[in-house]
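There is one chain below, alone, in structure tokens, taken in the form predicted on its own.
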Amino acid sequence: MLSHPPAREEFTALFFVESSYPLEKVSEIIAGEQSSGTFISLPGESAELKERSRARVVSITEQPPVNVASLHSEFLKRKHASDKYFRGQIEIAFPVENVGVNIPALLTTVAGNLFEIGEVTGLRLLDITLPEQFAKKFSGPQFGIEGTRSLCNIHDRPIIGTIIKPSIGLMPEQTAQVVDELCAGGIDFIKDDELTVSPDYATFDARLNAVMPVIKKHADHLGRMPMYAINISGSVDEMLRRHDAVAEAGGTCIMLNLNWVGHSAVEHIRKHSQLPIHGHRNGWGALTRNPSLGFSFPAYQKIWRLCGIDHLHVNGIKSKFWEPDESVIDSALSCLTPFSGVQPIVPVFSSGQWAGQAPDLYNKLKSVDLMHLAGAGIIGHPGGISAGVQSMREGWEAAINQVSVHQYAQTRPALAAALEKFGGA
């Protein structure tokens, strides 16, 4: 039975659930397990305590049942074997005071032991909603879209960028040479590959010292400072030191491998940082590829926004990875959508990207508030890096002006060469 809202501040979580038990029963089990209840009644769980602390089921939306469980449960095999598994979406409200301004406590509540509950054969966190007064207590993005645009001095079009390639193995002076060519070509944004942090042959300090003078050299003739998201991932102490080194060197961005440095570390860096935080989501596939388990992107990105990142990777359309284009666009739109007073962040499109994808991306997203990163699409352009950068700009000019890229390329050799080289990719 659905409960009526008590007089307390709440946040809600939306889940997909599958179970051999009816959804009404399994919803109450989840609500109890993730708040004041357990598998038996306890003397201390008084009516007053329940009123103050117990989660409540807000809504249940049933979906067609299935005959085969998505995930194995030894508990159900023992207790409630069945050839019918009920499915649906359930929304559960949790008292804000159960959590406080604490990301680990928030995540433990909406994504903790509930994945372990024996009664479920599928469970996925789809979304969360927070009261605005609660959400504003977290750090949130410091720069977001407008702050990033201001630092890049790029307005009214996407921020065009790339990833230093080869992904790993370059010596510091070789990295600087690639950056030199990219800046000469007019690039807006450059990032380290997520694999490169501080290898022995190209330590963080050596790369920073090699690259920053090159970027500053080009800033004068470009009239702006190309943004370099150098990967500072490591222990909290290492990341704090590396952030300070980037700021002292005149850098304008830092990059974190979000899933591996962790939420608390990102929060700590955000409170210290003077620079935008470029969030790389590598490892995300392990949390989302099974549609009956883990996280959906709207919930995932909201948590990271509360932590304070400014940019977040969303994959790319027609990419080399598994994700369908519709999912990629939905992810980007969730980054661009305000929630609970938390400002939007920059969606970052990467993976197998090139100039010819701009019209599709623009028509689906209906926005230019994004980073479009092309690795091989720029560095592997047959006319060289400068032509690769130019082709990306021309692809977006065509998209924004609603002109066919093939028509636009008739008088633009860089775009024409990209279409010939990558058109069948």
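Computed from a predicted structure; not experimentally measured. A residue's number is simply how far along the shown sequence it sits, counting from 1.
Although not depicted, the form predicted in complex with another copy of the chain is the subject of the following passage.
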Using the partner position in the predicted bound form, report whether residue 81 sits within 4.5 Å of another copy of the chain, counting heavy atoms only.
no
Residue-level question: is residue 234 within 4.5 Å of another copy of the chain in the predicted bound form, judged on heavy atoms?
yes
Can residue 334 be called a contact residue for another copy of the chain in the predicted bound form at 4.5 Å between heavy atoms?
no
Considering non-hydrogen atoms and a 4.5 Å limit, does another copy of the chain approach residue 380 in the predicted bound form?
yes
Three residues, 109, 259 and 285; all within 4.5 Å of another copy of the chain in the predicted bound form via heavy atoms?
yes
Using a 4.5 Å heavy atom cut-off, which of 323-331, 214-222, 83-91, 153-161 contacts another copy of the chain in the predicted bound form?
323-331
Answer with one of 205, 116, 244, 146: the residue that has a non-hydrogen atom within 4.5 Å of another copy of the chain in the predicted bound form.
116
Name the single residue among 210, 197, 299, 342 that comes within 4.5 Å of another copy of the chain in the predicted bound form, judging by heavy atoms.
197
Which residues in 71-90 have a heavy atom within 4.5 Å of another copy of the chain in the predicted bound form?
71, 72, 73, 74, 75, 78
